[in-house]
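As a starting point, one isolated chain is supplied in structure tokens, in the form predicted alone.
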């Protein structure tokens, strides 16, 4: 597939926002049950909710650049009974509203923050499922059609959110730096393991489609003499990225390094040295890696139509 940067930024930005909210709510629950140092600072949670909302809004704004007719975007919610995309379109603003209520409750000092956070957490997890299932439900794109797609969206989003929450906690001087850093490291390592599992699975895929099935002819020997077009078309632009194997390998190893071991090392060093710049660099490095990871995720999916439109003998 040909990756669209609007969708790349949509999925990575809302993932950070979701992960950041879950980091905040996990910290509040830990404080309530005395698992982490008690936190009396309402401003920290209100600020975090505002930043999470900012990431979500930025991702939503990025999605509009992928629409041919943005004024008709509301129609995307019409097929909620059968479409995971429609469900995402409904759940995302609902989650944003819940995050707004959560932040406002902390800012105003209202007592219902745990209940509001619980509702927002359910919507957050539902949004992860909806986003991942948009791609996992497409059976003919074998690279996406696996539960690992949903798991990776969840873990990568949570890892990036915790990675952002860690320098934020360090900058505000509260006692959450160590538990948030530990969460960021564990989630990054878990995401590394599941993403590696997805890469290993995709290497073993045997395509179900062949040149014969692409054109409906059962002859054992078929040689393609023309592409089917004398110039480019929607099919040749949208369903193939046009990059060679060397570029794909470079992107793959780039995201593996930037999204996983590099931020883990920076978080460990930043936590040990109590360095906000190092912790901030960890998030920036990981987010750059996630952009590359998401580009590779889309580019690796091999649409069956490429058997006919991309190869030229």
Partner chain sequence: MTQLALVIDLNVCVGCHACVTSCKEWNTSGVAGFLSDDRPYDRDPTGTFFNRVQTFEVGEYPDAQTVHFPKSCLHCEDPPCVPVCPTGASYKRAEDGIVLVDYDKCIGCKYCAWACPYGVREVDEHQKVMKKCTLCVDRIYDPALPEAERKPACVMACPTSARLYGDIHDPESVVSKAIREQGGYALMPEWGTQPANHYLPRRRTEMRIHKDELERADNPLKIDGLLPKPALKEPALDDVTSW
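Just so you know, these numbers come straight off a predicted model, no measurement behind them. Positions refer to the first chain, counted from 1.
This next part talks about the form predicted in complex with the partner chain, which is not shown.
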| property | result |
| --- | --- |
| Option from 172 to 180, 95 to 103, 75 to 83, 187 to 195 whose residues, in the predicted complex, bring a heavy atom within 4.5 Å of the partner chain | 75 to 83 |
| Residue 203: touches the partner chain in the predicted complex, heavy atom cutoff 4.5 angstroms | no |
| Contact label in the predicted complex: residue 107 to the partner chain, heavy atom within 4.5 Å | no |
| is_contact(residue 239, the partner chain) in the predicted complex, heavy atom dist at most 4.5 Å | yes |
| 4.5 Å heavy atom contact, residue 216 and the partner chain in the predicted complex | yes |
| Listed residue that, although the partner chain is not shown, lies within 4.5 Å of it in the predicted complex (heavy atoms), from 118, 141, 148, 125 | 141 |
